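Just the one chain here, laid out as structure tokens, in the form predicted alone.
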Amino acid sequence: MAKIVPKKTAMREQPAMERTKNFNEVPYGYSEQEAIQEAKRCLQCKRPTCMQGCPVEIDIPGFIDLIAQRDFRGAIKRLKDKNVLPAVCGRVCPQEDQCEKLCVLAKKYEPVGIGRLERFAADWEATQGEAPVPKKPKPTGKKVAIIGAGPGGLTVAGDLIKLGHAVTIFEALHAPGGVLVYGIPEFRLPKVIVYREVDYLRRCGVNVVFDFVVGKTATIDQILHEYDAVYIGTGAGLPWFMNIPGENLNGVYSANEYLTRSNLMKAYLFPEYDTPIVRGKRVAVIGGGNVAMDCARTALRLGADAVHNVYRRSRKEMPAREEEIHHAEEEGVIFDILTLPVRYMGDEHNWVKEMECIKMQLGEPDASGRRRPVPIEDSNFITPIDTVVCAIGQSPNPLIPQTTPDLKTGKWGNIEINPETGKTSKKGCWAGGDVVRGGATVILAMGDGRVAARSMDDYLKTGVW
């Protein structure tokens, strides 16, 4: 039996103080030899528990074994049997809370670097020229409309096009990818990778229509007159604010606006793109999730002198990936934990100039299982700032529910579905991802898409709702 290697093969990355001056991707990825070395750490378990943690059901031991054997083409083919976005998932999927968490090695050592190996296989394919597309199946004559070109919608498209259905994606923006392009910064997920994955789907036969706002350009009912089934994957683009004094001051932004200007509107490519974006010198980012880390790290790269991440719980309770928190710490983000903003103050021109906060302490656990933050009396203090980015969460845009009266929604505007099928209350209509869950992860949206695609295929074949 081969000797167990306790630690993951390290992944090389840009030095912290160098990368804060550019938007280039931080980790460099594995070389062929590093990938083979890491793949050989896999125990090839007879009962691979890692697969139980994968929302899109990838044959994890299978593709890793092929890498270990230096069959990189076979590895990417195995991945693409289940995942239409391997280069994306290898970078942004929270493997540490899913497949890697259930890796047998993780009981005593570091788990196999499943995400790093997935990224390697996809990146290797990109060096081999245009990826081959599978043979087109016999057309079924059925037409499917997908609303939103985000990760969930792209997964549904990839699954259904392989089954012979005609697929059209209607996207409100001028570029595909959804949160992958407007939300996730270039240094975490280069746009060229997203567009490459989408191009693969288009070559498979998926049609993509841009600048098409469902609920305005056409309603769901109008689309259902022309299509046999509809999948709603419009994400969660309605930002939350804290409703505290001063939030209407100039210089206070939602994470959605801040990241969209930087990412989709390419402010990060200044001066090639002269997109208006605030370039604050003292920036406060409110929230403790991945979006907050993205905003804080973006602010540094846009030239901030100091970036404070303000979070009302402790570091331990932060929902962001440990990798993202670690990178933010390395880059110099200042973490103001157990701290809550209570108001913003402006200057004579209504630009934010100060933030009043109160210190918090942790009380008893709340419904989320995390200890509830409780204010400490008379602990208020004031910090000078010139920019605030609020990254505390978001809800689905209400446009589609407002124009589709028989579509049932929950308290926060989320579309309600049967989780086993993805079916909504409206016949012929499925939904998944953030429009159902609120702000969640890319891979969970893809998992929802896979569940819905199976159910949609069954409906298109049988006509039984």
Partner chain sequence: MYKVLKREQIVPNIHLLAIESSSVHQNARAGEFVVVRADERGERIPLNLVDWNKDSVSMVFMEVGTSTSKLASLKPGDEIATLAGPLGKPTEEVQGKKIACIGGCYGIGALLPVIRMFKEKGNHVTTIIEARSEFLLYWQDKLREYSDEFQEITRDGTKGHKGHINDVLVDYIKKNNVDMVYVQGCTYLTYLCSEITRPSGIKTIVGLNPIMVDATGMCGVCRVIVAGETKFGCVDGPEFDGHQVDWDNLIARRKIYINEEISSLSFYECERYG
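Numbering follows the first chain given and starts at 1. Computed from a prediction, not measured in an experiment: that's the story for all the values here.
Absent from the display: the form predicted together with its partner chain. The rest refers to it.
S.K.: To verify the annotation, which of these, 325, 277, 360, 306, has a non-hydrogen atom within 4.5 Å of its partner chain in the model of the complex?
M.R.: Contact with its partner chain in the model of the complex is made by 277 alone.
S.K.: Which residue among 368, 380, 250, 128 has a heavy atom within 4.5 angstroms of its partner chain in the model of the complex?
M.R.: Selected residue: 250.
S.K.: If we define contact as a non-hydrogen atom of the residue within 4.5 angstroms of the partner, is residue 109 a contact of its partner chain in the model of the complex?
M.R.: Residue 109: no contact with its partner chain in the model of the complex.
S.K.: For residue 281, is any heavy atom within 4.5 Å of its partner chain in the model of the complex, or not?
M.R.: Answer no; every heavy atom of residue 281 is more than 4.5 Å from its partner chain in the model of the complex.
S.K.: Report yes if any heavy atom of residue 174 sits within 4.5 Å of a heavy atom of its partner chain in the model of the complex; otherwise report no.
M.R.: Contact check for residue 174: yes, within 4.5 Å of its partner chain in the model of the complex.
S.K.: Is there any non-hydrogen atom of residue 239 lying within 4.5 Å of its partner chain in the model of the complex?
M.R.: Heavy-atom contact with its partner chain at 4.5 Å: present for residue 239.
S.K.: Have a look at 96-104, 314-322, 263-271, 161-169 and name the one stretch with heavy atoms inside 4.5 Å of its partner chain in the model of the complex.
M.R.: The contacting stretch is 263-271.
S.K.: Are all three residues 12, 26 and 145 in contact with its partner chain in the model of the complex, where contact means a non-hydrogen atom within 4.5 Å?
M.R.: No, the candidate spot makes no contact with its partner chain.
S.K.: Within 4.5 Å of its partner chain in the model of the complex, which residues of 372-405 have a heavy atom? Give them in sequence order, or say none.
M.R.: 397, 399, in sequence order.
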